[in-house]
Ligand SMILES: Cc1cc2nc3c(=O)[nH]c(=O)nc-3n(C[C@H](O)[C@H](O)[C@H](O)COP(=O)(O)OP(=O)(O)OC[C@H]3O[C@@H](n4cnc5c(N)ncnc54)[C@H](O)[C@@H]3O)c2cc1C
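Below, in structure tokens: the form predicted on its own, a single chain.
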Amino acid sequence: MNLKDFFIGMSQNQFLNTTAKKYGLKLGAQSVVAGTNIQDMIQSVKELNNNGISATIDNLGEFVLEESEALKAKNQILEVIEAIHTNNADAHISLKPTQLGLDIDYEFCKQNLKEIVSKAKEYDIFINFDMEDYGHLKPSFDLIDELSVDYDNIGTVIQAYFYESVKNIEKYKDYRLRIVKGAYKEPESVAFQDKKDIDQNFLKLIEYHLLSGKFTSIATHDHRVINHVKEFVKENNIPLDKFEFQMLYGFRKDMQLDLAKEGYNFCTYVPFGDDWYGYYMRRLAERPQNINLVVKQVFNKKTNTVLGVAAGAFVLGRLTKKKK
């Protein structure tokens, strides 16, 4: 098992997810999660705004299998919407349908989403539906189709590693879309496995939506992709107000500031909340070099959590194998 597979597996472990909540932001997560409450998150967003950067806010949460948890998440997101409005923050919402009850009941989830989208519409706030693993792809698109009948302040994500992403980006070209490579482990039957194929499809999707779509959010930390987009928009006379670059909170801060200063629209993905574990593990899967953060916390702060033990055991196991 490689590092990426290990961390993706960890991200889907419900026991570790539950355990991690008890200990707050540990093992380096505080560097990529903007606090555990709305007040701390809004402060982080305002700091970004002061530097010419907008934000998309993710109230973290996964493995929601109880209606009470989904309702709690809905109410929290409604509070975030009020906080954006009250603080005049340059921000919108990113949410996951599974957090609002998609794994419980489709109609229950739709009603929760409708309340959120409706409240956001009152304040002219955009709602982005994050896409998750392949098993949730179709029902998530179905929710967008149904809610779009009455609301125009919603958009979604197209994941480049799926074979069907070309079909989906054509279908949803009139929506504001965030284009990403994809962060889940998917089988070869539905997704590209080779990085080269994913990267190639990623650029193909970006170019298509820049030319034919409504508004494009290009989510990447790869300077090669960013430079390619800069040249592409110049060559095709694409206005700067037709797209934005997006990066994750806590990553490549200097590049985020530089792009904003260059005059490009820039949006930072700002996660917050105590349900940070799954999100953080997927960030480690995407950037395995961040294992250094875990090692530092495990051995320097003597973290005594299940998460710490698991991470430490994995690191020690790799070190032992290398010595052999």
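Every value quoted in this text rests on a predicted model; they were computed, and no experiment measured them. A residue's number is simply how far along the shown sequence it sits, counting from 1.
There is another form of the same protein, the form predicted in complex with the ligand; it is not shown, and what comes next is about it.
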Point to revise | Contact label in the model of the complex: Trp276 to the ligand, heavy atom within 4.5 Å | key: no
Review point. Can you check whether Arg224 is within 4.5 Å of the ligand in the model of the complex, heavy atom basis?
Key: yes
Check your understanding: Does the 4.5 Å heavy atom contact test between Phe251 and the ligand in the model of the complex come out positive?
Key -> yes
Review point. Does at least one non-hydrogen atom of Asp130 fall within 4.5 angstroms of the ligand in the model of the complex?
Key: yes
Exercise for review: Answer with one of Lys242, Lys114, Lys181, Arg176: the residue that has a non-hydrogen atom within 4.5 Å of the ligand in the model of the complex.
Suggested key: Lys181
**Study point:** in the model of the complex, the residue from Ile169, Ala73, Val157, Leu143 that sits within 4.5 Å of the ligand by heavy atoms
**Key:** Val157
Review point. Hey, of 204-212, 119-127, 243-251, 99-107, which bit sits against the ligand in the model of the complex at 4.5 Å between non-hydrogen atoms?
Key: 243-251
